[in-house]
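As a starting point, one isolated chain is supplied in structure tokens, in the form predicted alone.
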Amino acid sequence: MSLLIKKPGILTTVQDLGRYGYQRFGVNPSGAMDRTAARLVNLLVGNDETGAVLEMHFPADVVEFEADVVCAIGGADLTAEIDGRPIENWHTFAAHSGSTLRFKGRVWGSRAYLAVSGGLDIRPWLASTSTNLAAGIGGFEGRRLQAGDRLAINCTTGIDSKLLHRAVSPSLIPYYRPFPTVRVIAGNEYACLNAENRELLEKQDFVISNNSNRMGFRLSGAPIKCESLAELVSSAVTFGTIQLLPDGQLIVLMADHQTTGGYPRLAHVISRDLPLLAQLGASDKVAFHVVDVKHAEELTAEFEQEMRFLRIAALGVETRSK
């Protein structure tokens, strides 16, 4: 029982919610860029939300199912069709053995996620199934998927009717758009910005550069300067850290970020808004709005409470995400 990649996409990898607990050894976490989408599609098909999914970019793969399974797609809208029948994001659908899944065109967003009932049978490395492309390890042979790859599906008894006709509540779906205002909290070196440069950070629109990838999004905008800043010692960074480069431009660290960095950390994107950033692509725009830590925590708690209700409804039991 497996998925067969008939035609590979531009960049499809196996990802989960990341590989944590090893950054002190220099191992970056990797994981899905849009972790909210990955969590939601897994829960829709009755899987633990930490399970492996396929992260796809457009042009995306042509996938043939070699088993009867229930599936869900979330994140970017890439116009999915199964055997020519349109598939709606955030809804479960049945895929029968011999069926073919195709993606006809990108409507919006940059990354779509596919989950299958029973889950993908991927051997974990350091407690995660995420693909680390730089190290060539994790996921499916440590690489992007290619034509002829077969991904095994955990034991399944076929189409479970209880999983069909499920959908995600709109309140849980991030407010995706090509020009979001992303909320951030002040970073360690935010205080080095004078009033003029704080305004440049918070008031201008930044453009996602072509020189962006899963490691980081480089932004183009009016240069920002730090005042009276001594030489920095490399310190820990995380998904969403916004660093100031020597040329005055910004880089936002993404899922494959390094474990430490020596550039000023001006701000950190709050976890609630990371999906908005993750769905951007080259030439999209983003703006930043600084909030305090208390507000960021309240937003996270509010979302996680809704996720708890979905988890109980989808799985019938309470589990805890990573």
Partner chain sequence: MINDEVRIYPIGDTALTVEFGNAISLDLNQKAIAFADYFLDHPFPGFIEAIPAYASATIIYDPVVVRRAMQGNAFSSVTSIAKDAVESLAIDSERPTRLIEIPMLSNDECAPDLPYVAELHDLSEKDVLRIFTEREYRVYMLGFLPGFSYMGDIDDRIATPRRETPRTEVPSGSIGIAGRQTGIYSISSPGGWNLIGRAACETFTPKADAPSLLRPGDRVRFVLAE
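None of these values were measured; they are calculated from a predicted model. Residue numbers count along the first chain shown, from 1.
Not pictured, yet referred to below: the form predicted together with its partner chain.
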{"property": "Its partner chain contact in the predicted bound form: residue 36, any heavy atom under 4.5 Å", "result": "no"}
{"property": "In the predicted bound form, residue 231 touching its partner chain (heavy atom, 4.5 Å)", "result": "yes"}
{"property": "Any non-hydrogen atom of residue 188 within 4.5 angstroms of its partner chain in the predicted bound form", "result": "yes"}
{"property": "Residue 296 within 4.5 Å of its partner chain in the predicted bound form, heavy atoms", "result": "yes"}
{"property": "Which of 125 to 133, 159 to 167, 107 to 115, 205 to 213 lines the interface with its partner chain in the predicted bound form (heavy atom within 4.5 Å)", "result": "125 to 133"}
{"property": "Listed residue (67, 62, 254, 27) with a non-hydrogen atom within 4.5 angstroms of its partner chain in the predicted bound form", "result": "27"}
{"property": "Residues from 255 to 271 in contact with its partner chain (non-hydrogen atom within 4.5 Å) in the predicted bound form", "result": "258, 259, 260, 265, 268, 270, 271"}
